[in-house]
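So this first bit is one chain, no partners, the form predicted alone, shown in structure tokens.
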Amino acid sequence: MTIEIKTQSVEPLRHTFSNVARRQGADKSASRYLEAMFDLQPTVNFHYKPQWDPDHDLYDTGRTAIVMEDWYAFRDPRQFYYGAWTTTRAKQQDVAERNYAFVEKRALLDLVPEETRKVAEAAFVPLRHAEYAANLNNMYICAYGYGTAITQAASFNAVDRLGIAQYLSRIGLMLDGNTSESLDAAKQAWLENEAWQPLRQLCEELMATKDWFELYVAQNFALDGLLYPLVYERIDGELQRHAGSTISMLNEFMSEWYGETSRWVDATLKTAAGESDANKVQLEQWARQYIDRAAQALTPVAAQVFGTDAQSVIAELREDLTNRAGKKAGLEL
């Protein structure tokens, strides 16, 4: 008796979910990112005018001056949906944990001069409060923005900022021998030290900004675009002259995160600017306004490390950010 085993392939009627098929056709396979992003913004259910804001629907495109024909035109070049984001961050956290364990096990901070340790503590630890403000701002973008293409990425960004605040707190604890004195001193500096007040004022004003896309430009492009290169490139590089790579190892996550996140910010601004001339003009106006504000707020912070050279350092960073806006985001500043 002969038994023949045959295989038969079954062609699926469609290769993706209907929310994606409506946009790119049912015969084309979609990435997990597109499946987890397209058309998830509620447009019918729970779409009412809340009593606390009767001029807008709960989910309303009119909460920003930016106008888009399709709010799903935005793409995250990182292709982050929840699964991809958590996987990426888990790998980065493993690297960060190894760096922190390496520094602690070999007591590398004990080899850093006391004066350098004080500069590092004064420059880095108060920023944990700025990161918490950035968390709130991105959660606002998530809450009041329109379209999952932006809101899901903003929510990931918000959680990242809490993680960065925790890393900065951990650096403080490592510097003060786990006494938490550095955290108390950082809080007082944030509340009272003159060098931090302009930045604190800017962070608090951003938390009261109503237009969520304006907030996106102010926080994620202008402020971050000057703060991260200043702190994790210029100040970190200055400390390397006395601390070697020890402090840099503790800041590696922040440096890598900024480079990755900048791609998302640039892509979002480029898409919005390319939609219409009105969008481009509005984005350029916001970018100029908040780059000026951020530069003024960060100059006293830079002066704590660079002294009289602080203004020239900020000027160089402004030029770099302006060039980035033109090359990557399509904005003429």
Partner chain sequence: MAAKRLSLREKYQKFTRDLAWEPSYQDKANIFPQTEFEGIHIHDWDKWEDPFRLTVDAYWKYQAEKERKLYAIIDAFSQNNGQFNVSDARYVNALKLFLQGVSPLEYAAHRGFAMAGRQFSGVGPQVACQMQSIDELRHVQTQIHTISQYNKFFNGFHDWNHMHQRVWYLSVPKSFFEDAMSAGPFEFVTAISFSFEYVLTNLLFMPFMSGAAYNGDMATVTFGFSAQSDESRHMTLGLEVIKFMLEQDERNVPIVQKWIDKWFWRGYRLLTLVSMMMDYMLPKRVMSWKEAWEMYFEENGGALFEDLSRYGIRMPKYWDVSVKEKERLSHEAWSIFYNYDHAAAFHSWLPEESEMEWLSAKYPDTFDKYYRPRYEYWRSLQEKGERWYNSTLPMLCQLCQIPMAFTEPDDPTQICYRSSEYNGDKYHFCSDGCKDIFDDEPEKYVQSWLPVHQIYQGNCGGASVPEVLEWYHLVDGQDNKEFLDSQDRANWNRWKGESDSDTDQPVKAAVND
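Numbering follows the first chain given and starts at 1. These numbers come from a predicted model, not from an experiment.
The form predicted together with the partner chain exists for this protein as well; it is not shown, and the discussion that follows is about that form.
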Checklist entry - Which of 284, 275, 39, 266 has a heavy atom within 4.5 Å of the partner chain in the predicted complex? => result 39
Checklist outcome for this item: Of 234, 78, 200, 242, the only residue with a heavy atom within 4.5 Å of the partner chain in the predicted complex is 200
Next on the checklist: Can you confirm whether 35, 191 and 207, the three residues that make up this candidate site, all sit within 4.5 Å of the partner chain in the predicted complex, judged by heavy atoms?
Outcome noted: yes
Next on the checklist: Given that the partner chain is not shown alongside this chain, does residue 183 nevertheless sit within 4.5 Å of it in the predicted complex, heavy atom to heavy atom?
Outcome noted: yes
Item to check | Contact label in the predicted complex: residue 224 to the partner chain, heavy atom within 4.5 Å | outcome: no
Next on the checklist: Taking the partner chain as it sits in the predicted complex, is residue 195 near enough to touch it, meaning that at least one heavy atom pair lies within 4.5 angstroms?
Outcome noted: no
Checklist entry - Heavy atoms within 4.5 Å of the partner chain in the predicted complex: does residue 59 have any? => result yes
Checklist entry - Only one of 258 to 266, 115 to 123, 226 to 234, 80 to 88 gets a heavy atom within 4.5 Å of the partner chain in the predicted complex; which is it? => result 80 to 88
Item to check | Residues in 166 to 185 close to the partner chain in the predicted complex, defined by a heavy atom within 4.5 Å, in order | outcome: 166, 167, 169, 170, 173, 177, 178, 179, 180, 183, 184
